[in-house]
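One chain is shown next in structure tokens, namely the form predicted alone.
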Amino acid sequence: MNVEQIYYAQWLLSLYELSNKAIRIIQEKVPDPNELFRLPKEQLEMFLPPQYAQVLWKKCQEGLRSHGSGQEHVKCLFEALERRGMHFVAMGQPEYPARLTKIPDPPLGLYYSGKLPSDKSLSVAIIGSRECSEYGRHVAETLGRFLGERGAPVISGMARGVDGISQQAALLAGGESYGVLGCGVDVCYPKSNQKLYQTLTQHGGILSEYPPGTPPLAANFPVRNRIVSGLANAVVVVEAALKSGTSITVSLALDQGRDVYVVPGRVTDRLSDGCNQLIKQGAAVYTDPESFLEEIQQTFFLQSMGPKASVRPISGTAPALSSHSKDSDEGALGPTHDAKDDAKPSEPYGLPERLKIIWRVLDHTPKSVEEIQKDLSETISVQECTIRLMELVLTGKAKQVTTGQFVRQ
């Protein structure tokens, strides 16, 4: 990938109205920005849906008015980004995290401040409730500090509660941490984590697939979770309710083949209901940082030896819940995708009517949240539509195939 292609990729990704699928099509059909900026809207509509063609044509006209040529326009925008202390890496560049290239729907590019995580380091994603208990706080802090002292980067979403606590502990111990945001890298969210945000740019990094200036929209956070788990070798769930954003991350981690470890909680504690449910499904029980790190180091080492390597669970511990785990393909998180299921047209049995309404609109052509909302038989907000879609994903009745695009499962 040459410099001009990187400029071009950054500009396309900055057009948040376009889906990843649309961007891939544009790059394939028109690899030269100068050619793209000269195309009439009618020609764009030959390979793009009308709404995308309209947006793209308008942006091209704005660029021509600003800089005279497509190539100069995309170059100037990239240079402006760098002057603001932010960076961009496109898929295909050597610096792009190799782990993300192996997940479903990898981001086409990443904006970042600070640096990118190294694929040579064993990384751990620590996730959990924003309203964590003192018990959850203690576990997150202890594990984050332990990993930080041993040079294992902590990946999380910089949210309140478990995320921020574990990341702060890793940094205070002299380690690295990386925050994946559901907004632009120039937007600190939540604002209460401003100090953590600044420290991450110095001793790790802030990453996002969303262009600078993107506000923290609710629909962005479930999507960004695939990057949190995708950058890690293993995921540790500290505290989670039954239906939460943490459960979405776990589902994505399983699709990516990541091992999931869970901190058990009291059966009377609602913040541990999600964790205890995952343990019933076969997730490994996290008991202490020493044995946890020992086990994932074995897995990390054997993975580096090649695809034929395998690891036996340490005596006395359950195998980590993974995409190959016997119990991971059924249960609360729903069945894993099987191509044979595509032929089943009947409505899912036992699905609540409010979710069936969404399911009926879906088919095997990817649709955005806005397109789904428009086709519904009832009027609901985009936020409510997104929440219902995530529930369908968790039950295995829908699948997110690219950023903001869903199909029937």
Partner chain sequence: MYSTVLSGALLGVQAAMVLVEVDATNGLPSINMVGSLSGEVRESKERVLAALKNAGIDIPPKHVTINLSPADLRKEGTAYDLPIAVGMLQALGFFQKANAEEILFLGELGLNGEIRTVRGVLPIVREAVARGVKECIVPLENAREGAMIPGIKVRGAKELEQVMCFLLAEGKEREKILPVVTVSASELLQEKDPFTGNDFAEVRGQEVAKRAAKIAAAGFHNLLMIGPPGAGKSMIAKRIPGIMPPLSLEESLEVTTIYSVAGLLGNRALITDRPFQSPHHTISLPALTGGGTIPRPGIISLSHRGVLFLDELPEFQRNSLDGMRQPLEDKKIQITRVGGNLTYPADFMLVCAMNPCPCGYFPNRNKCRCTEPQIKHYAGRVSGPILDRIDLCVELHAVEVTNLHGGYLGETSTQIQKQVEQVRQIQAERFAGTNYRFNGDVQAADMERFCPLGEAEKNCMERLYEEMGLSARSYHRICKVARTIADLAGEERIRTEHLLEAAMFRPAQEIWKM
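In this text, the rigid core denotes the largest set of C-alpha atoms whose superposition between the two forms falls within 1.5 Å. Source: prediction; values computed, not measured. Numbering follows the first chain given and starts at 1.
What comes next is about the form predicted together with the partner chain, which is not displayed.
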**Message:** Please determine whether each residue of 2, 60 and 82 possesses a non-hydrogen atom within 4.5 angstroms of the partner chain in the predicted complex.
**Reply:** no
Checked 149, 119, 269, 294 for heavy atoms within 4.5 Å of the partner chain in the predicted complex; positive is 269
In the predicted complex, does residue 12 have a heavy atom within 4.5 Å of the partner chain? no
Q.
Using a 4.5 angstroms cut-off on non-hydrogen atoms, would residue 19 count as touching the partner chain in the predicted complex?
A. no
Quiz prompt | residue 138 within 4.5 Å of the partner chain in the predicted complex, heavy atoms | solution = no
How about residue 89: is it within 4.5 Å of the partner chain in the predicted complex, going by heavy atoms?
no
Here the chain appears without its partner; judged in the predicted complex, the stretch of 269-277, 74-82, 180-188, 200-208 with heavy atoms within 4.5 Å of the partner chain is 269-277
Near the partner chain in the predicted complex, with a heavy atom at 4.5 Å or closer, the residues from 376-398 are 382, 383, 386, 387, 390, 391, 393, 394, 395
- Message: Using the rigid core as the reference frame, would you say residue 395 shifts its C-alpha by 2 Å or more between the shown form and the other one?
- Response: yes
### Query
Relative to the superposed rigid core, does the CA atom of residue 51 travel 2 Å or more between the shown form and the other one?
no
request  = Would you tell me if residue 12 moves between the shown form and the other one by 2 Å or more at its C-alpha, with the rigid core held superposed?
outcome  = no
One pair moves by 3 angstroms or more in the predicted complex: the C-alpha atoms of residue 183 and residue 379, which are farther
